[in-house]
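Given as structure tokens, the chain that follows is alone and in the form predicted alone.
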Amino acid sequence: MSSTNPNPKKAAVVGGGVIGGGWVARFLLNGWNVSVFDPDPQAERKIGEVIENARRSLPALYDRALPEEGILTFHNDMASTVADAAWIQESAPEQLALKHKILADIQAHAPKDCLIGSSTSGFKPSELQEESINPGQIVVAHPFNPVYLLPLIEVVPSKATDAAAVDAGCEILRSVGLKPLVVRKEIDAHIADRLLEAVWREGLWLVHDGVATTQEIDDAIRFGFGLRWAQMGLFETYRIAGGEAGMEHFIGQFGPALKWPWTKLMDVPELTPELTARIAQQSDDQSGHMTIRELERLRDDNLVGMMRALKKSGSGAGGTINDHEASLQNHGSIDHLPVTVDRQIPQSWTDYNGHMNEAHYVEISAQASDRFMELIGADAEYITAGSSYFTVENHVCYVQEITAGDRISVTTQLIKGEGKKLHLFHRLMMIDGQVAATVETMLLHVDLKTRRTSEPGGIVATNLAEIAVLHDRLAKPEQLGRAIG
């Protein structure tokens, strides 16, 4: 039942902290073999916990299964870590001298044509490249936590970096579902962290001056503009605020306020022991009832929910997920039947009993019907031309529980495809081959202009006839036509 992943590429990750562990999970769950170098004796445990969270959340973004997981190895020397790597990611602490030492060790053993990305949030690539034997090989590849879920990667080359190498590196990042943003000019802290730093500075002043607590500031973001930013960012949000007159009107109306002396963005409160203790206590009051792993899972579940909502419209991160999902393989056949769905069950599909809610059995069968329609030629182009199939009846037979994280494959058998009717039988199968449920579905071919049933023609009718010959040779499903009682 599991897919095969022949000749997976290798990524090397140097430094396995929070960010490094996220890089490991992102590549590993997208089918890459990953080698890790980290002197921390707890690195294997820590990275393992990050991967467990990623296994729970990353596949939940997609309606197709990710590739078969790669092989994870830990190494005690740099040479074996980076040997034959197609991508190398350095995620050491933010100390320039330390990064110089590590990058020199990496370059001494790395393939000459392999880019080395640094997760640095502040250093410029030219600073990282100082005294390098091959400066153009090193670029900034700055991610956002959790790396296995958030798609943005700020890629910052220097003048020494070949543009073709940057393009090839960005293609690797896209292949594992990331959204590379190539920064036009070197600048301290790149783009995103400069924006975050501005909000962080103002937040520190609000706490310092007793205007708001840490929770109140977080509430202002998560219940307000943070929701807008997730899909539109800053400038598109303000374009809408300008109404029909657009951005020029908005700037004319609100631009003068930028000169008002109420911001403290050019200054930072002294982080005295008293202010640090106040912030820490407020943070404990706000979130101290949860462990860090519980907070990570809550964060991941919320991110999956929001990004799946964006996925429907293709807005923001949703567009990146759709592009990546389109690149994932459709799996062939099982028992001479096409596999029309292969996916992992997300946490949000389970109910109070801990198993998948019955509505999602029908949702999976609908995905299987849509895929079968594509196989016979009733695809998006066919629908745009004015014809489609409408579901008129479903019968679900529940055989065993399906829980969050289960990998489900669906095979679809054509029972009848003559005339206006399309009679399908879907088997929902666990990874061990056991049938978890069956869904019998009846669809009718419809003319979308008249909204009345009609005969399919052309390639659809031809493909149905050919599939019918093949499927008529197979045994009829045991549950076919079964009624309750």
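Start at 1 and count along the sequence shown; that's the residue number. The shown structure was predicted, so the numbers you read here are calculated from the model rather than taken from an experiment.
The form predicted in complex with a further copy of the same chain is left out here; the points below concern that form.
Just one of 81 to 89, 128 to 136, 293 to 301, 110 to 118 has residues with a heavy atom within 4.5 Å of a further copy of the same chain in the model of the complex, so point it out. Stretch with heavy atoms near the partner: 293 to 301.
Of Ala220, Ile334, Ala404, Ala165, which residue is found within 4.5 angstroms of a further copy of the same chain in the model of the complex when only non-hydrogen atoms are counted? Checked against the cut-off, the match is Ala220.
Pick from Gln329, Ser175, Thr73, Gln231: which residue has any heavy atom within 4.5 angstroms of a further copy of the same chain in the model of the complex? Comparing distances to a further copy of the same chain in the model of the complex, the residue within 4.5 Å is Gln231.
Although the partner isn't part of this model, could you tell me whether Gly203 comes within 4.5 Å of a further copy of the same chain in the model of the complex, counting any heavy atom of the residue? Flag for Gly203 set to yes.
Answer for Ala104 alone: is it within 4.5 Å of a further copy of the same chain in the model of the complex, judged on heavy atom distances? No.
Does Thr161 reach a further copy of the same chain in the model of the complex if we count a contact as any heavy atom within 4.5 Å? Judged by the heavy-atom cut-off of 4.5 Å, Thr161 is well away from a further copy of the same chain in the model of the complex.
I'd like to know if Phe144 sits close to a further copy of the same chain in the model of the complex, meaning any non-hydrogen atom pair within 4.5 angstroms. Although a further copy of the same chain is absent here, Phe144 would touch it in the model of the complex, with heavy atoms inside 4.5 Å.
Are there residues in 371 to 399 with a heavy atom within 4.5 Å of a further copy of the same chain in the model of the complex, and which are they, in order? The stretch touches the partner through Met373, Ile383, Ser388, Tyr389, Phe390, Thr391, Val392, Glu393, Asn394, His395, Val396, Cys397, Tyr398.
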